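There is one chain below, alone, in structure tokens, taken in the form predicted on its own.
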């Protein structure tokens, strides 16, 4: 029997060895009276049973029908979306599996598993068909978001000792989402405002009774034919407020009468015809004074939406990983069977090189995804313990220190996961098609479908360029916050790159040194262009000094090279994760060696470009303009 978990040796390594399940289980199972497991190992065994069952399900009940899913598109009839029969059957079966709420607390109807287990399932699901996975994620994803928002706004009552949820604001919606009866969506994009959220026109108004209503149109909404919509809209009339004038709302697109019939409060304008992802529904939806519930505080919409999107970006990393795995395996299988010039093409040097790079990129991406998701979840769950006041003062203080470290790491890695994963998915799918030759261009083989499905990954949940700007902004802010510490890291890394005890240590340090040195080059250039020297700015004033600058005008060199810097940061982060692995698992050394061999050449090229290119283009952009170049539609989010 086919199984997308048991046939993946590297994925099993993370599940069986690398992931510290004990730590997660300790944080997840806070209530000893509600813990169904006699030991952490029993919990892990249960997780593995779930994973093996799910791996078999997607391999046998979804993957064989990928072509059919791609061919049969959803359509709009009489204001409602009609789902193709195959997709309907898949989601009826998924409902029976009862996995929509696996990471939600038991008291709300979930299974109370670590969120990391769900993230790993995203990979194997995406390997089967990335579009149906996308819709699957909008059950649990929206349920978790509603619970998180309720906890954040203090409308969830929890037992201070056990952490058990007694009551939560969105309990009814969460229950329906977990049961698979309804699903939701994240409604962000408008026709005239892509990534530039300050230009949003959807409006929220409050009547004399304090009730909220949303009016406007949202486009490109994945699973937007569902019931529960988390919508960002302008609640404040003052145009100068920009992003601070946005608020977040829960809008029910429809309610149901006693017979279960829909009573619509929104209008589905169209179902979009897309290049790929045909198993998921993408719609344009209009709100006309649709009843809404304010989430959080007025004016916090952008901040709250960004929290939701950050989690979605980690998920896209796992989604990309699954597509990469599918493309690599398809290419490898074809190459091993296709003879040419006296041998199968996998034995030809160029094809062998392509396959090797595809494989090592996937191994590196999985390492990055797991590390990021693990640290993000640990930080969230530790934070919940502090919010409940668990432990004495010393315990809470130590916990806060751990939270700060993990949050910083997660914030640093999240844009890298989204960038590296989505870009590699396109590259690997493209190579899969190339290895198939003319067959890859034909629809019967499936290679061209994977390429079409991959192309949206560097676009949605924040483009690759947005991720680059966020990664660059954070790295430069860290320099301003602690310039002395940065210079010390730069110096010590340079020494390690030259004098490390072994080749792996030196190569890993060399890649990190290039990342740090590139940052130093960019920040020095920015400061020099203003006629300042960083050493002249008192350390306590550096962050304020940075905020006073115009991000659209003063940071042109960093904006130009943001994507190049991000590529170096990705390679440096992966190299360090793999290097740390071999301390505990020496058998993984060959994976690190293969990654370093390729990352060394890549980072050297990017580093050279940052140091020696760009002046001509910047001069051309500045010529005849008082306003130097902007990163179109990206700056507002990057400045957040």
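Predicted model only: the values in this text are computed from it and were never measured. Positions refer to the first chain, counted from 1.
One more form of this protein, predicted in complex with a small molecule, exists but is not displayed; see below.
Judged by heavy atoms within 4.5 Å of the small molecule in the predicted bound form, the contact stretch among the candidates 179-187, 209-217, 76-84, 490-498 is 179-187. Heavy atoms of no residue among 3, 48 and 121 are located within 4.5 Å of the small molecule in the predicted bound form. Note on the partner interface in the predicted bound form: the residue among 149, 170, 480, 460 having a heavy atom within 4.5 angstroms of the small molecule is 460.
Listed residues 348, 525, 388, 274 were compared with the small molecule in the predicted bound form; 274 is the one with a heavy atom within 4.5 Å. Within this chain, residue 450 is remote from the site of the small molecule in the predicted bound form, having no heavy atom within 4.5 Å. Though the partner is left out of this view, residue 109 does not reach within 4.5 Å of the small molecule in the predicted bound form, counting heavy atoms only. At the 4.5 Å threshold, heavy atoms of residue 194 reach the small molecule in the predicted bound form. Contact between residue 456 and the small molecule in the predicted bound form is found at the 4.5 Å heavy atom cutoff.
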